[in-house]
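The chain below stands alone and is given in structure tokens; this is the form predicted alone.
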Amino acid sequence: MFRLTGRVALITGAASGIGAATAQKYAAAGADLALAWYPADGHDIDPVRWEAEKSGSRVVVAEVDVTQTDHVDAIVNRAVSELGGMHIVVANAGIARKVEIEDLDDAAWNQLIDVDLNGAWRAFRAAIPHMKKAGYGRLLATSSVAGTISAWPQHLHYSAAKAALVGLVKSLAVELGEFGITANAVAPGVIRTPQSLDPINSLGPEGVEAVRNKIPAGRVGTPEDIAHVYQFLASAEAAYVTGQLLVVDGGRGLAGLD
């Protein structure tokens, strides 16, 4: 079950965290991969590519700034020409920035919205014509519990972008269902990733550890926890799941936010 043989998947933010784990999961399930990464993030895409190729996947890699339409269009076009199609998009690239309300000027607001929200739309937009042609598509966005089931102080623009992704996938699900295309968002809770461990813009190591005892599952999430969900949503077995936000937080949102 949940095999992806014969499918081509684009993953943005593929060099680390959820993106890297999803790439490995998809490769093991038989998909070919287009891996988009942003070198300024400080993570190397080569280990992700090598592991995917060990699983037998064909892989194309490109440096992609998701705020640049031509970058996004280029990797989708490469995937179609070199791998034979475009069936799955995991719009995972994102940034978090801690900013006090008084300091949240247009530049700071627009930068984050352009990466976290507009970047997802650029990837979806480039892929949709190819998905229509194939009669199969999975549009998947990394949202967050922040902005959807909870608030995150000092991260107003991040919360707004992650909430907006849910509205995006709901509308896409309705408009594209007749073409065999589904659209869904995943809302991770606290996941141990390089971003969550950033002490300046996110929780930092101590903050992540402090949350652990408040999670009913008894642990902080791993990137693989989210990758498993993305494998299901990308598969043929998930054809009747669309327009949904799947919260994957170990029960944290149910236990209260104190």
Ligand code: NAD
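Treat the numbers as computed from the prediction; the structure is a model and nothing was measured. In this text, residue numbers run from 1 along the sequence as written.
Keep in mind the form predicted together with this ligand is missing from the figure; the text below concerns it.
Asks: Hey, with this ligand in the predicted complex, do Q24, G137 and A227 all fall inside the 4.5 Å heavy atom range?
Replies: Not a single residue of the candidate spot has a heavy atom within 4.5 Å of this ligand in the predicted complex.
Asks: Among 27-35, 63-71, 47-55, 210-218, mark the stretch whose residues have heavy atoms within 4.5 Å of this ligand in the predicted complex.
Replies: This holds for exactly one stretch, 63-71.
Asks: Are any of the heavy atoms in I95 no more than 4.5 Å from a heavy atom of this ligand in the predicted complex?
Replies: Contact with this ligand, yes.
Asks: Is P188 close enough to touch this ligand in the predicted complex, meaning at least one heavy atom pair within 4.5 Å?
Replies: Contact check for P188: yes, within 4.5 Å of this ligand in the predicted complex.
Asks: Using the partner position in the predicted complex, report whether I75 sits within 4.5 Å of this ligand, counting heavy atoms only.
Replies: Close contact is absent here: in the predicted complex, I75 is far from this ligand, nothing within 4.5 Å, heavy atoms only.
Asks: I'd like to know whether N201 contacts this ligand in the predicted complex, with contact meaning heavy atoms within 4.5 angstroms.
Replies: It does not: once this ligand is placed as it appears in the predicted complex, N201 has no heavy atom within 4.5 Å of it.
Asks: Going through 32-62, which residues have a heavy atom within 4.5 Å of this ligand in the predicted complex? Please give them in sequence order.
Replies: Residues within 4.5 Å: Y38, D41, H43.
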